[in-house]
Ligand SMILES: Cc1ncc(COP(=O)(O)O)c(C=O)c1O
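Presented below, as structure tokens, is a lone chain in the form predicted alone.
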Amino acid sequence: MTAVAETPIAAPAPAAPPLPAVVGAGLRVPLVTGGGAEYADFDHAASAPCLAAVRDTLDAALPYYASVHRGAGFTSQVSTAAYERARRTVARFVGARDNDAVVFVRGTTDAFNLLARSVPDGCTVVVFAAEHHAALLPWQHRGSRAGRVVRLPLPDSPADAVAAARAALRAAPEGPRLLCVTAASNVTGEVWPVAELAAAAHDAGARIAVDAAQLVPHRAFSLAATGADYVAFSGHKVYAPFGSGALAGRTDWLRAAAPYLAGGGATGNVTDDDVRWNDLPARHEAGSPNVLGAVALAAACAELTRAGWDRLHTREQALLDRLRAGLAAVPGVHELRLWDARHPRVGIVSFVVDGVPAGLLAAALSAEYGIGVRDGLFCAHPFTRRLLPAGHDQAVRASLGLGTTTEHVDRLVGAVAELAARGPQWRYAEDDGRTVPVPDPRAFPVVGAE
């Protein structure tokens, strides 16, 4: 008998892990016109919803919650281990180098205020007019050690940004110099050339701090790969809305600076006459740390990494392309952008509609369609004002996230088209600076204790 060669059966390809689920997905909200709709959350750039994995991690951690460090009790030891494990997870998430520090803070604003108090006295800080207030204002605020702040005009292209930063840093007086720049704009979503800017800063003998608050919910970031010296981001942007964030980067300036806050935890020893401060990271984490916030932040970092950045990017890009194309087809809609329309960006689109004020548009989208957007100047007032077309003083921002669906995008585009063509169907009035429906028959749930 002739032997028959057996063809091996290929093992099935492993299934891709499910996309991270968000708490509140499928939530239905009431409409002023009657009935309700599934809530379409296009305000992720302000605060993203909580990941289900983050909630589950906190549920598991809560029974063991205790104050960290120096506690002999069992739960204190468990919480201390969780807190320091979170620090290591965040370090991996931002591609920290072996000798980089990770300091837990309240968010990006807190991180840059800490860094502003840690730069050497007289440091020259260079920023662009495109920065979020979190990275724009701390250098001139009370307590900052920066001696001179150079605000560069909006660059015409990414290459112009690199050239302008290099020239400004080289022209600065001798001494420490720092470039502070966004990784992705919270107004336009445009991604900035961080690696090239880092190289330009280093060529000029300067350092670079990166505001990655709007980048890291959408794409991977690495201190080591970009060459950046510092990076800051917020938990509430990465689906961990529990009051935590991180500043990661080089240790020498942070170690030499006085503690950000004076108090327990930052102290090694206190006598009647003297205080010996701790080394990093405890030096800048005075008080009882936000243990659960750090655990939540790390859980979000781990879950986004597990999901796979390429897959998340591909999904978001398809939704973003659909949204931008849909809005571009609506007469009277103008998208805000700094650079070429094809420049890479994260899932953020800011726009205006001729004849419909931004506040009215946002109120009508919410009340009549169940769509949440942001209106205003987005805590980047100088930048947004420079991008606004004539006749507009504010814009609307739609920002995508893990909970965004194709139906949400199509509903937003359709709603904008209807409002641009015929205006709202309900009556609206100003109330304490906000546009609100009058009357508002919706029943709002009471959340939280009073």
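What you are looking at is a predicted structure, and each value in this text was computed from that prediction instead of being measured. Just count from 1 along the sequence shown to find any residue number.
This protein has a second form, the form predicted together with this ligand, left out of what is shown; the following refers to that one.
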Which residue among P241, P289, G107, G347 has a heavy atom within 4.5 angstroms of this ligand in the predicted bound form? G107
Of L336, A198, A161, A134, the only residue with a heavy atom within 4.5 Å of this ligand in the predicted bound form is A134
Please check if K237 has a heavy atom lying within 4.5 Å of any heavy atom of this ligand in the predicted bound form. yes
Mark T188 yes when one of its heavy atoms lies within 4.5 Å of a heavy atom of this ligand in the predicted bound form, and no otherwise. no
Would you please decide whether A45 lies within 4.5 angstroms of this ligand in the predicted bound form, comparing each non-hydrogen atom pair? yes
Is A362 close to this ligand in the predicted bound form, meaning a heavy atom pair under 4.5 Å apart or at it? no
Determine which one of 206-214, 114-122, 188-196, 294-302 lies within 4.5 Å of this ligand in the predicted bound form, judging by heavy atom distances; exactly one does. 206-214
